[in-house]
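Single chain ahead, written as structure tokens, the form predicted alone.
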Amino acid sequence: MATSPKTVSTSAPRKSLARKIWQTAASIKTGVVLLILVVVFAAAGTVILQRPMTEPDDMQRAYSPQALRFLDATGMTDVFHAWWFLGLMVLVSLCIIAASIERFPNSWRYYSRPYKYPDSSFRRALHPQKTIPIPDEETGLVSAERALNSLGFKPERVIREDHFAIFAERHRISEMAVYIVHASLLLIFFGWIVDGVYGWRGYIRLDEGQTSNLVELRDGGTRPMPFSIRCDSAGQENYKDGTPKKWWSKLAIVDNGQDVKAKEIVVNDPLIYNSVRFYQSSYGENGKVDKLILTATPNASFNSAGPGAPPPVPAQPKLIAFTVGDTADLDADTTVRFAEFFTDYAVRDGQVYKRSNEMGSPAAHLVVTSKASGKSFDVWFPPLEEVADNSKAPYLLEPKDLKLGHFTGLQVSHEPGQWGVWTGVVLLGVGLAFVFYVIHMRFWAVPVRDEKTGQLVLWVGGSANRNRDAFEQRFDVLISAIDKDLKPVSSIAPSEPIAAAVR
């Protein structure tokens, strides 16, 4: 028996602590504070440059090294995937659930069992209210029914002992609108949490005609996709002054060896397939030759058969279009091969080197081979005196056009929770429409005796859950309609026996 008080004394504080935690979680203040923090950090995520959408060079130009280290360490450069932001959304979700559970039973009773007959204490406290003299109960009730019908309500008679009353309401569902908003917020946060845990973002660079399924992730790794994407073509539209107007890419999804979806994308108009979004991010020349067009004219000073022999080459220039690695026939004994192309070249010690991958000083290397002489000649554009045999070759080559290939840069994001986010957004719009524009209005009409005069009057009261100023105007319209309906009747004074019977 001695242990019983101790058991009670230790369990009571635990229950009290659990109750305090529950009340704090269910508190509107707690939920509002946490929701404000989510909004503030989400807004910060739209202002602060985010990885991996922003190029590393742009990040370094935008912030000092110290600021960038701080932002990376705190997760502000990837807010929506930071563990603390996901934890904050979990806390907000728990508060919404706790608040809903705490208040839903009363709300459901209020919704499922509406208060239809106002007692005396309810009538004294209600605002607005009005009393209208009536000759008898039935006349007053009928006038109230007519007036309510004229305003679009469907009144019903309520019986309490030997009394009748009129009750009418509209938009009772508005009382549950707050739970529609709660459900929409939970869906939005659920979608964000799923994206933060299971989603990923990366980058794909595709040359025209290239197909790939590897995504470069923001942490430097790669991730294979269960399907591939191909870039059929890419381009840029410019304004009249030559500045870029927009980039576009014609993409195709290849799944199980079949083209299953194709779309031309531009900025902010992505291609979506299996919850993976491909956004247009960048565009430019890839440093690869798409086509080199040149003319080949016989070199009159070259003769492989020796002095005095007629030249074995045709007299007319020949037009050739080819790319790196291609070989073309100039005549039966002479060929030209497109050996290599440098985007930015440099010459050192009689050798040509690639100085960088950027487009700077381009150079094309072709090899002309004469079977008759058994010699090969290096032809360079531009002519490089140290290494070029342009004037010694059996043909004089002249470039006409150089078309470089292009690449498209795609930001890739896998967001499996977006269905929850967008469903929640739609549901939030519906809920807010109910909250702000759908008003739960209730009217009561009860024949009673005036406490001071003892006269029979029709007590009329009304209530609205919001926008009370507009509701009071509607209430005044109802009173005017009842008065108007009662005037012809009130002009005829009831006889004393009838009045006594009413009393």
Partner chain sequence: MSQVNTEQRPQPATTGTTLIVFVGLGIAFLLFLAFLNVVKSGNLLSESNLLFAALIFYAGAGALYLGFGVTGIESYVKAASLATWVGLLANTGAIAHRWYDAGHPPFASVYEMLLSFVWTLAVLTLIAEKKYHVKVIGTVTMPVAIVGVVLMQLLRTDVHPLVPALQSTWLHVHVTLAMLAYAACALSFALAMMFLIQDNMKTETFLAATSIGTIGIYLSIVLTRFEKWGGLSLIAWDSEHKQEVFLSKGVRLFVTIPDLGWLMLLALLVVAAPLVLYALAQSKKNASLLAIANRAVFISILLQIMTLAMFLLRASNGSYPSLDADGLFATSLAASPFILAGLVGGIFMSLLYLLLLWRRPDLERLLPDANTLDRITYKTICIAFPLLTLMIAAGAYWANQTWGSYWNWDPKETWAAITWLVYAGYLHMRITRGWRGRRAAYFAILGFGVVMFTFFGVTYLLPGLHAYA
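Positions refer to the first chain, counted from 1. So that the term is clear: the rigid core is the largest set of C-alpha atoms that superpose within 1.5 Å between two forms. From a predicted model like this one, the values you see are computed outputs, not experimental measurements.
Below, we refer to the form predicted together with its partner chain, which is not included among the displayed structures.
**Q** Is it the case that T46, even though its partner is missing from this view, gets within 4.5 Å of its partner chain in the predicted complex, heavy atoms only?
**A** It does: once its partner chain is placed as it appears in the predicted complex, T46 has a heavy atom within 4.5 Å of it.
**Q** With a 4.5 Å heavy atom cut-off, would you call P244 a contact of its partner chain in the predicted complex?
**A** The answer is yes: P244 has a heavy atom within 4.5 Å of its partner chain.
**Q** With the partner left out of view, is Y353 within 4.5 angstroms of its partner chain in the predicted complex by any non-hydrogen atom?
**A** Outside the cut-off, so no.
**Q** I'd like to check something about S112: if you look in the predicted complex, is any of its heavy atoms closer than or equal to 4.5 Å to a heavy atom of its partner chain?
**A** Result no; S112 lies far from its partner chain in the predicted complex.
**Q** Thinking of P118, Y179 and W459 as the candidate spot, does its partner chain come within 4.5 Å of a heavy atom on all of them in the predicted complex?
**A** Checking in the predicted complex: none of P118, Y179 and W459 is within 4.5 Å of its partner chain.
**Q** Of A42, L68, V438, V477, which one comes within 4.5 Å of its partner chain in the predicted complex, counting heavy atoms only?
**A** The option sitting close enough to the partner is A42.
**Q** Quick one: from Y203, Y279, F164, W108, grab the residue that has a heavy atom within 4.5 Å of its partner chain in the predicted complex.
**A** Looking at the other structure, the residue within range turns out to be Y279.
**Q** Where, among 130-138, 339-347, 184-192, 209-217, do residues come within 4.5 Å of its partner chain in the predicted complex by heavy atom distance?
**A** Going through the listed ranges, the match is 184-192.
**Q** Which residues from 448-468 come close to its partner chain in the predicted complex, meaning a heavy atom within 4.5 Å?
**A** Residue within 4.5 Å: N467, and no other.
**Q** Using a rigid core superposition, assess whether P114 undergoes a CA shift of 2 Å or more between this form and the one not shown.
**A** Where the cores coincide, P114 shows only a C-alpha shift between this form and the one not shown that is less than 2 Å.
**Q** Superposed on the rigid core, does the Cα of H365 end up 2 angstroms or more away between this form and the one not shown?
**A** No, the C-alpha position differs by under 2 Å between this form and the one not shown.
**Q** E237: after superposing the rigid core, is there a C-alpha shift of 2 Å or more between this form and the one not shown?
**A** True for E237: a C-alpha shift of 2 Å or more.
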